[in-house]
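Consider the single chain below, provided in structure tokens and representing the form predicted on its own.
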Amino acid sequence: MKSWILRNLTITRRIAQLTILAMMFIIPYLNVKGFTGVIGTFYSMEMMGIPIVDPALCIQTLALMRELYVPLLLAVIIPLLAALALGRIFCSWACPFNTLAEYAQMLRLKLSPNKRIQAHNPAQIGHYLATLCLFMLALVFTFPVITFLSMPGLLTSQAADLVFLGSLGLELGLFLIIILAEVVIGSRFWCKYACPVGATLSVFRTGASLKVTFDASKCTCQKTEIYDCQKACPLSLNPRKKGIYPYCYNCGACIDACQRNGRALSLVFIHQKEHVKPLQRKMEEVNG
């Protein structure tokens, strides 16, 4: 079973994503029926009595309170441990906004099949700068900016409102504006540059966290303008080169695409440099 999952990461991920979308409505419905084992949204929830809070929302709350609140700090332990071990995997496997954005991206590519894909790894500063500004705005104006811009929290809370109240809030309009902009622009700018949730999770990624590594000695791709792994990346990153982090959210799409091309890409917890011989490193430099 484990080997099948590793060979079919995209299928497994789609199942997880669609399950989360369904649970957005199923859990509130079960709450109405009296089930309280899981309550809340991706802002904050409680699972079997264990509180879990979005780390970005936690930072905002502490900043607005201007004091340390221990129960709130304890509630972010689970998501932070997950980020330390697995990186931004929440974004690619569970975030409902990313799921809908990926399907919107697929629609855009079908409508524009000749659209040229440009895979590159932006500088790290772009990932953090916008989010830092958002936190500063929340602190200076004492306004919960992150609450409105946390798309997973917003979408799950809107789903809960639909089930509980039979109505949707105006906040959903912000989601529609962002997703429409992504379809028109096509750069997946929100997840790459603007999402405070993903940016916060990526801060806690370490060298020992789960990562995509490239072994040039195994690559059987023919030299082309853009490789299959680059075409497969939802964020238009280049997994053959360094610098995919903190943007990469370990979705595994590039690894699936590499299955028929020597399996040069893999998800591991080890440092690549420690396991790449000088010849392999030279091949990587030559082949990009």
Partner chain sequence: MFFEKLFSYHEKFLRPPGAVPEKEFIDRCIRCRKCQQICPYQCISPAGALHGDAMGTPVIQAREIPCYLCMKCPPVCPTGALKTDIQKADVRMGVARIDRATCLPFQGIICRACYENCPIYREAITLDQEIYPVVHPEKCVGCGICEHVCPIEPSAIVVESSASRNED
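Model, not experiment: these values are computed from the prediction. Residue numbers count along the first chain shown, from 1.
Just so you know, the form predicted together with the partner chain exists too; it's not on screen, but the next bit is about it.
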If contact means any heavy atom within 4.5 Å, which of 257-265, 36-44, 230-238, 243-251 contacts the partner chain in the model of the complex?
36-44
Is Leu72 part of the interface with the partner chain in the model of the complex - any heavy atom within 4.5 Å?
yes
Given that the partner chain is not shown alongside this chain, does Gly207 nevertheless sit within 4.5 Å of it in the model of the complex, heavy atom to heavy atom?
no
Residue contact check: Ala160 to the partner chain in the model of the complex, 4.5 Å heavy atom:
yes
Interface membership of Met65, the partner chain in the model of the complex, 4.5 Å heavy atom rule:
yes
Which pick from Val184, Ala123, Leu165, Leu176 sits with a heavy atom within 4.5 Å of the partner chain in the model of the complex?
Leu165
Heavy atom within 4.5 Å of the partner chain in the model of the complex - residue from Phe148, Phe189, Tyr128, Tyr103
Phe148
Would the partner chain be touched by all three of Leu84, Tyr193 and Ile226 in the model of the complex, meaning a heavy atom each within 4.5 Å?
no
Residue by residue through 45-64, tell me which have a non-hydrogen atom within 4.5 angstroms of the partner chain in the model of the complex.
Met45, Glu46, Pro51, Val53, Leu57, Thr61, Leu64
